[in-house]
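Take a look at this single chain, the form predicted alone, given in structure tokens.
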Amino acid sequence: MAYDLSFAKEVYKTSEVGYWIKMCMQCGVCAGSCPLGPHWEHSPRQLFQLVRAGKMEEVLKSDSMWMCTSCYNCIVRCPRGLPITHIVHGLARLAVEKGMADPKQPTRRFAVEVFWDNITSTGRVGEAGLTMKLYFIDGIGPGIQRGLEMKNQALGMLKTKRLNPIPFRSKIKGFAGFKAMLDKAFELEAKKESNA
């Protein structure tokens, strides 16, 4: 039985720096370097091998891509210098585009529903607003329960001045330029997608 290379070719062509997957020599340094490595369903090298094998559903329905915290340990330690973090984020985006990403996956929900809205509204991450939105993402009851579970950590962070309880209301200096940059990025992305 021959490999179906159509998925691999699509990833190489359309996913962010996906063509670098061809260079992976399957050494496993990326998995060993990742602080969350033991929690991944498939390590980056396994994802790359699954792409090569044409296992589109297994790759795009996996929650592995959403485990990446962008620490870049894998890139720094990769003997071939592969941009692993970027490839993994590209696969996550492809999963969203193809409707295969689990909308309830916690890391995806944080990135899409909480963090992005928080940073684009003022140009900075406001800890209090971010935390409140994250805790109450599923409603008031679960939010209160999460808050009570984390109260000791929150009090410890407040005592050491590592948590600002007052939400940011003001926008960053030069917010108009920041907004213009985002608008241009969205415009370029929409143009790229319409040409694809």
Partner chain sequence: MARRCVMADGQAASQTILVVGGGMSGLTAAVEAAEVGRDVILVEKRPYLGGRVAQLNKYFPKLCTPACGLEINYQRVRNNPRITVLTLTEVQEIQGSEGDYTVRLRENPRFVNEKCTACGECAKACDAEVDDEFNFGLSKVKAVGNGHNMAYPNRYAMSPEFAKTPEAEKLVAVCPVGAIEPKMEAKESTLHISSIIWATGWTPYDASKIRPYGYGRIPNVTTNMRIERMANKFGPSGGKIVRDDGKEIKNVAFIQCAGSRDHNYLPFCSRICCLASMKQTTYVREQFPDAKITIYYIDLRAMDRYEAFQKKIEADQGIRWIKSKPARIDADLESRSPIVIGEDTLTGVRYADKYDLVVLATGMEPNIAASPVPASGMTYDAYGFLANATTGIVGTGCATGPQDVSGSVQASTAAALKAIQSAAKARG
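Remember, it's a predicted structure, so these values are computed and weren't measured experimentally. Positions refer to the first chain, counted from 1.
Just so you know, the form predicted in complex with the partner chain exists too; it's not on screen, but the next bit is about it.
- Contact annotation for Arg80: at least one heavy atom lies within 4.5 Å of the partner chain in the model of the complex.
- Although the partner is absent here, Gln153 sits far enough away that none of its heavy atoms falls within 4.5 Å of the partner chain in the model of the complex.
- Within 4.5 Å of some heavy atom of the partner chain in the model of the complex lies at least one heavy atom of Ala31.
- With a 4.5 Å cutoff on heavy atoms, Phe136 does not count as touching the partner chain in the model of the complex; it lies far away.
- Judged by heavy atoms within 4.5 Å of the partner chain in the model of the complex, the contact stretch among the candidates 128 to 136, 154 to 162, 141 to 149, 32 to 40 is 32 to 40.
- This chain is displayed alone, yet in the model of the complex one of Met181, Met25, Ile172, Val17 has a heavy atom within 4.5 Å of the partner chain; that residue is Met25.
- A single residue from the set Met100, Cys71, Val112, Val76 has any heavy atom within 4.5 angstroms of the partner chain in the model of the complex; that residue is Val76.
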